[in-house]
Structures are given as C-alpha cells and as structure tokens.
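Here you get one chain, nothing else, as structure tokens; it is the form predicted alone.
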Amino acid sequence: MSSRDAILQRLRHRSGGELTAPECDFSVLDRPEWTTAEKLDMFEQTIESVHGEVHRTTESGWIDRLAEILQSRGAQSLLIAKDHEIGQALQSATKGREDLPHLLIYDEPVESWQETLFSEVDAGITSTRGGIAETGSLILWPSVDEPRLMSLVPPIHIAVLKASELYTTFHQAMQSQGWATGMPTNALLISGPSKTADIEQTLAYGVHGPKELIVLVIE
C-alpha cells in the first residue's frame, strides 16, 4: 500500500463521529442600512477613485447619454448583445438617428470574426447583475448572449447598472442573489479599468483589458 492510500484509508476510517460544518460568523461584515442614494454616492466615489467613470441617467435617457459619451470619444463601432434588452433597445434606437456608432452584434463564434473583434471594435456595452457600493465593484454574470469577451476585449467597456441593484457589501450581494445555489463558470467583479504597473511602479491602463470603464447608472 502506498503512502497516499494509507493516508486516505486512515481518513475513511477516522473515529469521532460524523463531521459537521462549523458555524460561520459574518457579523464583522454587518453594515448600517444605507439608502439607495447613499449607496450610489459611495459607489460613485469609490469607482471614480480608480479611474472609473459614472454617469447617472434615466430609463428613458440612457441611450441619449450613451450617444454623447461615444461621440466625445470618437467611437465608430459598438459591440452589443443580440438578445439582451440592452442590445434590443440599441438596435431599435439606431433606426432614424445618426449619433450612435455602427453596431456590431455578437452573434457568432469568436473564431469566425476574431480579427474584427480584436481590431475594429471601439467600445462594448454589457448589462450588470448589480454593484457593490463599499468597493465600487460591478457584478457581471456572462452568458451565451453576453460572453466574457464583450467586457474584456473592447478598449472602452460601458456597463449599465440599475441603482436599485446596488448592494452595500459583497456579502450582502451574494446573500441577496443566492449565489450559494449556483453560479456560472465565470462570474466577474470589476472595480475600474484594466491597469498594471511595471517594476518602476509606472501605472499603465488598458494593457490587459479595457482602458476605460464607463458606468451608466439607471436611477
């Protein structure tokens, strides 16, 4: 019998009764009840401290605000989801207006349009599953319709966040959304644009992901 088998056999025949999970005490994560306005102020302050950008808008005005932002950056193309309500709204909005860039719909395998995806997309827009005020983080839950590449590849990532889906802490978000019951293969927490530093501590943005992170908050 090998040492490995001997160890496993001892574990299988251990004495002392059935093992039970220890009680977890998360009281250190308890926070006062914040209003939506307070959470939004904290989220905005925190994410802007790391070069993120927040624009407060409304359900009826977010596309106009998006158009202004993209025009200010000279964006010629915008990557959108095919079936998500954000992509659907933008496809409808482009009919009859010229202030929005060309829409690229993510509706085929990455292998078939890799060159276009990595070279010709100026910005990508995604939904979010919520935000965390305390850390200024966005929660993204990639899907077949909104794959991870949509928030990773374009130099500008625009995320749409509903103010009503802001949580005070990460722990509160996990509990409220029932993460323990199931998660996707790739859940994301995004706290600012992509950044890295070299040995001289020179900070560079956009080396491994989007150079800009812009959040449209729907109030």
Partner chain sequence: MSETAQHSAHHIDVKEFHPRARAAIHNPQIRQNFRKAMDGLMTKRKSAFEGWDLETLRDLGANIRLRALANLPDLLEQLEQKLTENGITVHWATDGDEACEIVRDICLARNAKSVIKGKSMVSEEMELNHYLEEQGIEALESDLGEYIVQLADETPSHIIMPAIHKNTEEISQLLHDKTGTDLSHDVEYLTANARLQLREKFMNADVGVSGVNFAVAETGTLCLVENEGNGRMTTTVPPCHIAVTGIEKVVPNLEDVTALLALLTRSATGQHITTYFNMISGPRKADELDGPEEVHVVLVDNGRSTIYQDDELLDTLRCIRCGACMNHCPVYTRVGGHAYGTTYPGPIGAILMPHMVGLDEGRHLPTASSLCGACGEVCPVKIPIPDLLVRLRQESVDGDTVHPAKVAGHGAKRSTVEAMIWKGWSWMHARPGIYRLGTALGARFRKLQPGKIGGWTQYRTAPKLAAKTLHERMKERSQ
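If you superpose the two forms and keep the largest set of C-alpha atoms that fall within 1.5 Å, you have the rigid core. Residue numbers count along the first chain shown, from 1. Computed from a predicted structure; not experimentally measured.
There is also a form predicted together with the partner chain; it is not shown, and the following applies to it.
Asker: Can you check 179-187, 158-166, 52-60, 32-40 and let me know which stretch has heavy atoms within 4.5 Å of the partner chain in the predicted complex?
Answerer: Going by heavy atoms within 4.5 Å, the stretch is 179-187.
Asker: With the cut-off set at 4.5 Å between non-hydrogen atoms, does Gln114 touch the partner chain in the predicted complex?
Answerer: Contact check for Gln114: yes, within 4.5 Å of the partner chain in the predicted complex.
Asker: Consider Leu149 of the chain shown here, and say whether it contacts the partner chain in the predicted complex, taking contact as heavy atoms within 4.5 Å.
Answerer: Contact with the partner chain, yes.
Asker: Decide whether His171 counts as a contact residue for the partner chain in the predicted complex under a heavy atom distance cut-off of 4.5 Å.
Answerer: Residue-level check for His171: yes, a contact with the partner chain.
Asker: I'd like to know if Leu70 sits close to the partner chain in the predicted complex, meaning any non-hydrogen atom pair within 4.5 angstroms.
Answerer: No.
Asker: So which residues in 13-51, when you check the partner chain in the predicted complex, have a heavy atom no farther than 4.5 Å from it?
Answerer: Residues within 4.5 Å: His13, Arg14, Ser15, Gly16, Leu19, Thr20, Ala21, Pro22, Glu23, Cys24, Asp25, Phe26, Val28, Leu29, Arg31, Thr46.
Asker: Does Gln9 move its CA by 2 angstroms or more between the shown form and the other one when the core is aligned?
Answerer: Shift of 2 Å or more: yes.
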